[in-house]
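A single chain comes next, written as structure tokens; it is the form predicted on its own.
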Amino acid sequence: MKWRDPLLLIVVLLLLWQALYFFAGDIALSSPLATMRRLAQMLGDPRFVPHVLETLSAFLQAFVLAVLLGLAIGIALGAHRLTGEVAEPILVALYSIPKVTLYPIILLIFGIGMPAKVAFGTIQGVVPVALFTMNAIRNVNPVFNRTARVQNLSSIAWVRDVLVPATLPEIVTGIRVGFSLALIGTLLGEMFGAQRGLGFLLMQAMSLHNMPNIMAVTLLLVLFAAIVNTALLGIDRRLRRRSGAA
């Protein structure tokens, strides 16, 4: 059954975590059971919920901006081949730059707080969305376009019946990558320039070497990322199966 493989993977990861805990001890990490208990205690604390909402709000804003800007850039570059060929190396170079080096500039522009976190998350997530969108448009099968011309499809019909179905699987893959990077960027923004949020709590716990809090916050972030990534991966695979069948 389909549920057996994920369940087996979770069991294996928990066993590896427990084995690593036996080897390293409380100094390096906390046990799975202790971490889950601590996370339950934190979720029941009214002072913890505002930090979760702060991070969620900043991340959602950064993710939406990254997707919208990435789609706009990718569509513009993909529609004009020469511009795309010139801009692609620049985007790849930006993608490879450690974004944390840009954080002092972002702080000078946006200051400490929500705008800086959103900006940093957006910068992290926008490039993969743009690259995947651009390549998806550039790699549309020429046969599809010739068939559309033969059938005298209008521009709207061509976009609806040819462009969107052909490019959507690749674009969703870019969005999935952008999701992970936008989340990382938002957390980094909270760790270095915020007074609220899960990143701030994580940095505070690290400075105090509060291992139970570090593990609990990390577990919450991993669960959130895993759930959303699994959903996006399922959408991605379904779109690719439909595209292959078509």
Partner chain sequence: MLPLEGQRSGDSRKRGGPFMTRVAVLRLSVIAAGFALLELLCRTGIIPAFTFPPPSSIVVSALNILASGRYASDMQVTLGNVAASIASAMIVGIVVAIVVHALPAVRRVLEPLFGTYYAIPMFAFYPLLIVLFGLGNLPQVAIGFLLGVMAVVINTLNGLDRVPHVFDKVAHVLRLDPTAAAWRIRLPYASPYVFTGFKLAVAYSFVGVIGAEFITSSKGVGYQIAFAYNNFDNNTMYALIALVLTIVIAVNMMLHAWERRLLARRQR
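The structure displayed is predicted, hence computed values, not measured ones. Positions refer to the first chain, counted from 1.
Keep in mind that the form predicted in complex with the partner chain is not shown, yet the notes after this line are about it.
Student: Each of 81, 138 and 222 having a non-hydrogen atom within 4.5 Å of the partner chain in the model of the complex: is that the case here?
Tutor: All three within 4.5 Å in the model of the complex.
Student: Taking the shortest heavy atom distance, is residue 192 within 4.5 Å of the partner chain in the model of the complex?
Tutor: The answer is yes: residue 192 has a heavy atom within 4.5 Å of the partner chain.
Student: Answer for residue 161 alone: is it within 4.5 Å of the partner chain in the model of the complex, judged on heavy atom distances?
Tutor: Output for residue 161 is no: heavy atoms all beyond 4.5 Å of the partner chain.
Student: In the model of the complex, is there a heavy atom of the partner chain that lies within 4.5 Å of any heavy atom of residue 142, even though the partner is absent here?
Tutor: Answer no; every heavy atom of residue 142 is more than 4.5 Å from the partner chain in the model of the complex.
Student: In the model of the complex, does residue 150 come within 4.5 Å of the partner chain, counting heavy atoms only?
Tutor: Looking in the model of the complex, residue contacts with the partner chain do not include residue 150, since no heavy atom lies within 4.5 Å.
Student: Heavy atom within 4.5 Å of the partner chain in the model of the complex: which of 52, 39, 65, 214?
Tutor: Here the answer is residue option 214.
Student: So which of 43, 60, 206, 34 reaches within 4.5 angstroms of the partner chain in the model of the complex, heavy atom to heavy atom?
Tutor: Result of the distance check: 206.
Student: Need the contact residues for 28 to 44: heavy atom within 4.5 Å of the partner chain in the model of the complex, sequence order, or none if there are none.
Tutor: 28, 29, in sequence order.
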